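Only one chain comes next, encoded as structure tokens, the form predicted alone.
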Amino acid sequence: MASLKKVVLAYSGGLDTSVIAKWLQETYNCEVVTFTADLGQGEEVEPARAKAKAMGIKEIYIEDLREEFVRDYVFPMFRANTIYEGEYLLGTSIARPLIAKRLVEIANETGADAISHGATGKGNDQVRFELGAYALKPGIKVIAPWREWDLNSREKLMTYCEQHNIPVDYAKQKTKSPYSMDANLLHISYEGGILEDPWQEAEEGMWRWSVSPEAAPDTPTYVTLTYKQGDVVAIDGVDMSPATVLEHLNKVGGANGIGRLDIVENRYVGMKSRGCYETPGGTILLKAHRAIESLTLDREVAHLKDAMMPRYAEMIYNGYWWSPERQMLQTAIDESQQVVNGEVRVKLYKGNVSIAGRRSDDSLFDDKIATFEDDAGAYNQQDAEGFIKLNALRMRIAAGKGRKLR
């Protein structure tokens, strides 16, 4: 094994990363620094401190990154109306660049010569963590235990814990969800268990943030979002921080059955994977942001953004947040958002998000021109004849030359 003095581990305090912490100490004979991020996953992160101390770890980082996560990662992504393969709102993907950044920063602060994570060799997260780390610190060493060890089942992990006196809540392990789950302020993901059969419907009891649309209230809920340069800054007239905005929308959206998703997606490593996601707040944000842009963006700017979005979504999904191409696109996207200001009123009802109204001082909607009533000469309808003939010119020429359409 390579000689290492200190490794920074992305540490949740759960079974896998607790085993990894001990495994790193034994395998590499190195000091381990743990880093636990609170991204709004809904579980206490402080217990990770006691677990780390019990394994003799002296440098323990536990950080509340909720505001930074939404402000600097989620909101910039939503300015692009980002969605992967037509459906996925990238809740797991967008959290990884922030974690990678802090792993590298902590490595610099503590003098560590490596970082480590608990992502498996089958998934996307290993790529996301490591691409980010290498972009931010080219010479960093990355240790991915799932690509090195043979502890490839929960039973083997539990046996390892028994052999190495790693404290485990056995009762909790026995009642643990059968799904592999990841949560943050933007979403919860579910994989594994019966979901590995794409024909099986997800169990109702699996969902944690949302009621089923059938069980949602029979009366719609209206919410007004205030936008400033593409970001929501207030809800129903109350100023809110980015994280508070998402927390609020998660609650009101979940209560109305908003944001459930069941998809088969294409992983970057090559395989197809079935996953279920709960993204109530993000589902509302996407719909509302497109509504305010429809009012304020120039047509060609809006269409160009839509054309770039799938490429931008792939960059985030595949782990290229810290790439120059993503930053280039972000600059263009953010420039377009300078005029994306105003209010959007959304209607939430039994799993659906509808737009009930939108208004803006930067609106390009001109009722004097768009009206179906007398426009007092604001628009000369005779101009349309020449416009149509010029746009048809190439097709008229081709038809006149005998070109056949198939």
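Nothing here was measured: the structure is a model prediction, and the numbers come from that model. For every residue, the number given is its place in the sequence shown, counted from 1.
Not pictured, yet referred to below: the form predicted in complex with another copy of the chain.
For the candidate set 109, 87, 239, 162, a heavy atom within 4.5 Å of another copy of the chain in the model of the complex is found for exactly one residue, namely 87. Here is the short version: of 135, 98, 235, 243, the single residue with a heavy atom within 4.5 Å of another copy of the chain in the model of the complex is 135. At least one heavy atom of residue 325 is located within 4.5 Å of another copy of the chain in the model of the complex. At a distance threshold of 4.5 angstroms between non-hydrogen atoms, residue 42 is out of contact with another copy of the chain in the model of the complex. Residue contact check for residue 320: one or more of its heavy atoms lie within 4.5 Å of another copy of the chain in the model of the complex.
Within 4.5 Å of any heavy atom of another copy of the chain in the model of the complex lies no heavy atom of residue 182. Shown here without its partner, the chain carries 82, 102 and 203, none of which come within 4.5 Å of another copy of the chain in the model of the complex through any heavy atom. Residues of just one listed stretch (118-126, 227-235, 90-98, 244-252) have heavy atoms within 4.5 Å of another copy of the chain in the model of the complex: 118-126. Scanning 261-285 for heavy atoms within 4.5 Å of another copy of the chain in the model of the complex gives 261, 262, 263, 264, 266, 267, 268, 269, 270, 271, 272, 273, 274 in sequence order.
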